[in-house]
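First, one chain by itself in structure tokens, the form predicted alone.
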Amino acid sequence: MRKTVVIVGASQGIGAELVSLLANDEDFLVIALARTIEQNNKWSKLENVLVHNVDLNSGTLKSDLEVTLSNYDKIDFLINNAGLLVNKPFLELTKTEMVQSYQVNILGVMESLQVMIPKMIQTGGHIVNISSMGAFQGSVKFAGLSTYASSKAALTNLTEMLAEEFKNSLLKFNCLCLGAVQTEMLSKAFPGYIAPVSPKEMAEYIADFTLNQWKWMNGKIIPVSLSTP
């Protein structure tokens, strides 16, 4: 029987590479969720990939997800990969920018989990939250990323809290704090910087971690970085 993998934030970068990687294995049904995916995307002809437009910044996110996922009774793996980066001096941040960043990076994840956990709890599954080295305690911090790093830090703490709350279930929760990967988001934060890791390489690591490491760990916050940033 196929395992169902949901990838939130699949439009580009690591998320898109995750979809392409897992789509090569017919043992998986891949559900790709993102705000900007077009219906005639490169995966549209693949029988084991289903694409849905979902905006984590929507005021109707939970009801939208309930409708979108209504035909899926069971989810085995969930990768929360979406992120919104605002690179701006702290004193210049607007409330709108802060609210949008927190909505995508933590509040939208919480709402999504409230819809998806009930589809995983009976049979078990692995939920992997993708955070940042900027959110990892004691790591080097960079000016201008206060709202991004702090909202991603909330995601790391949420991971630990959910692992505790659901410790008597079959669910596993872990969080990967990624270092520099050559994505569009990195280019916005550090123009001109060339990362040592490509989105495809990081996607390979995340996929292997998601599919296999739930056997050995739960509630862990794991730094994944070759460099600073």
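So that there is no doubt, residue numbering starts at 1 and follows the sequence shown. Only a predicted model underlies this, so the values are computations on that prediction, with no experimental measurement involved.
As for the form predicted in complex with a small molecule, it is not shown, yet the points below apply to it.
Undergrad: Run the contact test on 11, 82 and 186 with a 4.5 Å heavy atom cut-off to the small molecule in the predicted bound form and return yes or no.
TA: Result yes, every residue of the spot touches the small molecule.
Undergrad: Identify which of 154, 98, 104, 117 has a heavy atom within 4.5 Å of the small molecule in the predicted bound form; exactly one of them does.
TA: Looking at 154, 98, 104, 117 one by one, just 104 meets the 4.5 Å heavy-atom criterion.
Undergrad: Only one of 167, 35, 62, 200 has a non-hydrogen atom within 4.5 angstroms of the small molecule in the predicted bound form; which is it?
TA: So the residue touching the small molecule in the predicted bound form, by this definition, is 35.
Undergrad: Is there a heavy atom of residue 171 lying 4.5 Å or less from a heavy atom of the small molecule in the predicted bound form?
TA: No, residue 171 stays farther than 4.5 Å from the small molecule in the predicted bound form.
Undergrad: Is residue 163 close enough to the small molecule in the predicted bound form to count, meaning some heavy atom within 4.5 Å?
TA: Judged by the heavy-atom cut-off of 4.5 Å, residue 163 is well away from the small molecule in the predicted bound form.
Undergrad: Wondering, does residue 178 line up within 4.5 Å of the small molecule in the predicted bound form on heavy atoms?
TA: Taking the distances in the predicted bound form, the answer for residue 178 is yes, it comes within 4.5 Å of the small molecule.
Undergrad: Look up in the predicted bound form whether residue 44 has a non-hydrogen atom within 4.5 angstroms of the small molecule, and give yes or no.
TA: Because no heavy atom of residue 44 falls inside 4.5 Å of the small molecule in the predicted bound form, the answer is no.
Undergrad: I need the one stretch from 117-125, 130-138, 90-98, 68-76 whose residues put non-hydrogen atoms within 4.5 angstroms of the small molecule in the predicted bound form.
TA: Partner-contacting stretch among the options: 130-138.
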